[in-house]
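Taking the form predicted alone, here's one chain by itself in structure tokens.
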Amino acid sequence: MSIRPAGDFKISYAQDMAVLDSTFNRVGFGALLAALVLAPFWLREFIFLLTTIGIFAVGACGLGLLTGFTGQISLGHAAFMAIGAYASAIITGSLGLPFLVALPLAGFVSFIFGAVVALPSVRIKGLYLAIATLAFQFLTEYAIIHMAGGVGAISVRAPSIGSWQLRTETQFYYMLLVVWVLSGVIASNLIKSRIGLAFMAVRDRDYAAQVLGIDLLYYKALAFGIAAFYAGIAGSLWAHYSRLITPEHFSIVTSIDYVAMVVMGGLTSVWGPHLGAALVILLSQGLKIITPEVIAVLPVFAKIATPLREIVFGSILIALLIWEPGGIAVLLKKLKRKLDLWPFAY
């Protein structure tokens, strides 16, 4: 009788640490990448939805590393995004440097602020750390308004790569797609590295990790810095995409949206922030489109039109957390497992 193994087996450490560790994942990622490349042809005028998802997915990817893999709660992620946006606007406007220089510099400026904000994380954690980052969020909004003057609005130049100026939605999307894919690939490989393993050790039991020789201050500051770097990149992209930035774009509501993205997508999944960003952005934009239609048919809903987004958003979040606390990523894993076993139940 012959015994044939079923499933995906790894016979080396390199295979075990690979990001795309199975044929299914490699084929699926290739198909997804092809769909994203061809998206402007089938989304047409709705390509702005995918552009917005991509920008916020980059920022959510950083928060996923901080909260999901390092266990540090942050309610000030939008503040780092604001720092990156205003830094990029100043670098390209006042200093006259090109966009390709401003993009990483905006991330590094945010990285520095993130490392500084991380200093209290050695002494405080949990809700206390969340309150500290929330204070940083409000301080950043206050500083931007008083330093920029007026309402803190700044116009931003259109991005350009050499002599090629990105003026159309499709051109900007393809530039964003490169940054989006790179950010996801780098984050995925970072989780598999020694740094990622140290992050998870800090998350699971920080004092035990310290006993094993892991420097808590260094890795917590590094996690905050990396998360802020991703947020700064997202802020720079958003600034050059919208061409006009104000503190209202980076309020506490945006920080809460970021937390919802990583929670709903999946805290401990590298795909989670991207899935969560897609869900939150599609939900937000979808409600803007559907609400006027609902009010036209049922005028009684006009009284709750303003808080409708928060009502629906909160209801979906509660339902998802009750149904599957692991988020959308875990639901997709369970669905794949059922499809692998179908038509059998086990």
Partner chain sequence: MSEFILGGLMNGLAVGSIYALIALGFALLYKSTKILNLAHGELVLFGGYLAIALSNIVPLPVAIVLTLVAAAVLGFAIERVVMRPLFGQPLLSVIIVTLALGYIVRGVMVGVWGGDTRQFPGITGGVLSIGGIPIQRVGVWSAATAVTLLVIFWLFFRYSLAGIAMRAVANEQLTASTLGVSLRRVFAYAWAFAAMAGAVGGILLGLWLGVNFALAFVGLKALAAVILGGLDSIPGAIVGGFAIGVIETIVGGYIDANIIYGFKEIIAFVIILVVLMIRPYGLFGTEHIERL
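Residue numbers count along the first chain shown, from 1. This structure is a prediction, so every number in the text was calculated from the model and none was measured.
What comes next is about the form predicted in complex with its partner chain, which is not displayed.
Asker: Give a yes or no on whether every one of Ala130, Val263 and Ile311 sits within 4.5 angstroms of its partner chain in the predicted bound form by heavy atom.
Answerer: Contact check passed for all of Ala130, Val263 and Ile311.
Asker: Does any part of Leu139 reach within 4.5 Å of its partner chain in the predicted bound form? Heavy atoms only, please.
Answerer: Although its partner chain is absent here, Leu139 would touch it in the predicted bound form, with heavy atoms inside 4.5 Å.
Asker: Would Ile322 count as touching its partner chain in the predicted bound form under a 4.5 Å heavy atom rule?
Answerer: Contact with its partner chain, yes.
Asker: Given that its partner chain is not shown alongside this chain, does Arg123 nevertheless sit within 4.5 Å of it in the predicted bound form, heavy atom to heavy atom?
Answerer: Because a heavy atom of Arg123 falls inside 4.5 Å of its partner chain in the predicted bound form, the answer is yes.
Asker: Although the partner isn't part of this model, could you tell me whether Ala34 comes within 4.5 Å of its partner chain in the predicted bound form, counting any heavy atom of the residue?
Answerer: Heavy-atom contact with its partner chain at 4.5 Å: absent for Ala34.
Asker: In terms of non-hydrogen atoms within 4.5 angstroms, which of the given stretches 24 to 32, 43 to 51, 314 to 322, 282 to 290 touches its partner chain in the predicted bound form?
Answerer: It is 314 to 322 that comes within 4.5 Å of the partner.
Asker: What residues, if any, in 226 to 262 have a non-hydrogen atom within 4.5 angstroms of its partner chain in the predicted bound form?
Answerer: Contacts from 226 to 262: Val253, Ile256, Asp257, Val259, Ala260.
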